[in-house]
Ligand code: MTE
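Just the one chain here, the form predicted alone, laid out as structure tokens.
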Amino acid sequence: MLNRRTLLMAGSSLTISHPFVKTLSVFADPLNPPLKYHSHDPANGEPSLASLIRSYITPIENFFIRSHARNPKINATSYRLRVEGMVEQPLSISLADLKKFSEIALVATLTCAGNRRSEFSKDKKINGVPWGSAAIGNAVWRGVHLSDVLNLAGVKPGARHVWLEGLDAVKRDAGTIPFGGSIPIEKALDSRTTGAALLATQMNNKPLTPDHGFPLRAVIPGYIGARSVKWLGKIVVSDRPSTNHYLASAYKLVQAPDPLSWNEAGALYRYPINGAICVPENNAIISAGKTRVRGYALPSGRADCKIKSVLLSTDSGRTWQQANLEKQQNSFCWQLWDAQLNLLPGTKSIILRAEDTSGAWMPQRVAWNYKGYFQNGWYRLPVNIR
């Protein structure tokens, strides 16, 4: 099912190992684009900050899109999810087979590891999609526990990681590869309702769109979005982390792109505490006096972790005012907040910092890194007061 901003492009398709998969090109709707696209092929777009926080549950059209290749076109009837590796019984599961498992729904926030990446460019040039602060969204995901599928296959002793492999075809210098990654076996077998790894077929009670992984994707609460692999085609149970480029080499914190730095750095999994001011807009012209300020804060991706406080400053951090937290407070989900600030003619910026119940807090500054990951320093919004 295609939305208005997803168009088919005629031409030859990429050849990959799944014969029922072809490829699509993705373009933004020029009439009413709900996202700002940093690239169209592949599709990478984020909403305006004001539209992002209109509701606790992010509408699909306002949910950021992160892709490393063109959307694969998948025949839902012939689709099969393969489960193999260190299992007693390899599986080939259709979408109809998945319906035989107990269905669950969970609310979870997904965020790109590069959210707020563009802020690093103030220090030095960065590599990657130049995300603002809206590469994040909170949705209702519906599907089955990954643990139920793994238990059916029977996990062998010694298994330590679960590889997740997509049906997309990413062009790299060494050839064409699928996007993939892995998660620790403990996370994969966790069956708690709030933090369980999910094989999702629906988003906000609708079938997944091609942009968001139709017909099946992983949703790994508390982990960076790269671990929630879209267009899921294969699961491999292993005694070691995935050898896929996007876990073995990419998504690491490094200061320089030399081989030693890459090999020394570990793969990124859990996202850190973060936050942003979404209203008013950057460099907005605002009348002095009482002004409503709104935004989001994201607790660390730990179980039972929630936002404890959101603090705002209009005098460069000398004094702080506590924001009001909206009623929804859930693990693995963002927290929306608002505040009334008294802005004076000399106010140059509004600063945000947050703390969560695990004791984590947004640091004053984050050191630059080569790929621009995990920018979660104090959020600074420049303003013009008249």
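Quick caveat, the model's predicted, so the values are computed rather than measured. For every residue, the number given is its place in the sequence shown, counted from 1.
What comes next is about the form predicted in complex with the named molecule, which is not displayed.
### Message
Considering non-hydrogen atoms and a 4.5 Å limit, does the named molecule approach residue 145 in the predicted complex?
### Response
No.
### Query
Should residue 335 be counted as a contact of the named molecule in the predicted complex, where contact means heavy atoms within 4.5 Å?
No, no contact at 4.5 Å.
### Task
Answer for residue 58 alone: is it within 4.5 Å of the named molecule in the predicted complex, judged on heavy atom distances?
No, residue 58 stays farther than 4.5 Å from the named molecule in the predicted complex.
### Task
Verify the contact flag for residue 295: yes if a non-hydrogen atom of it lies within 4.5 Å of a non-hydrogen atom of the named molecule in the predicted complex, no if not.
Although the named molecule is absent here, residue 295 would stay clear of it in the predicted complex, with no heavy atoms inside 4.5 Å.
#### Entry: Stretch in contact, per heavy atom within 4.5 angstroms of the named molecule in the predicted complex, of 87-95, 230-238, 263-271, 304-312
Within 4.5 Å of the partner lies stretch 230-238.
### Message
Going by heavy atom distances of 4.5 angstroms or less, which of 199, 110, 106, 83 would be at the interface with the named molecule in the predicted complex?
### Response
Contact residue from the list: 110.
### Task
Any residue of 194-230 with a heavy atom within 4.5 Å of the named molecule in the predicted complex counts; write them all down in order.
Sequence-ordered list: 211, 212, 217, 225, 226, 228, 229, 230.
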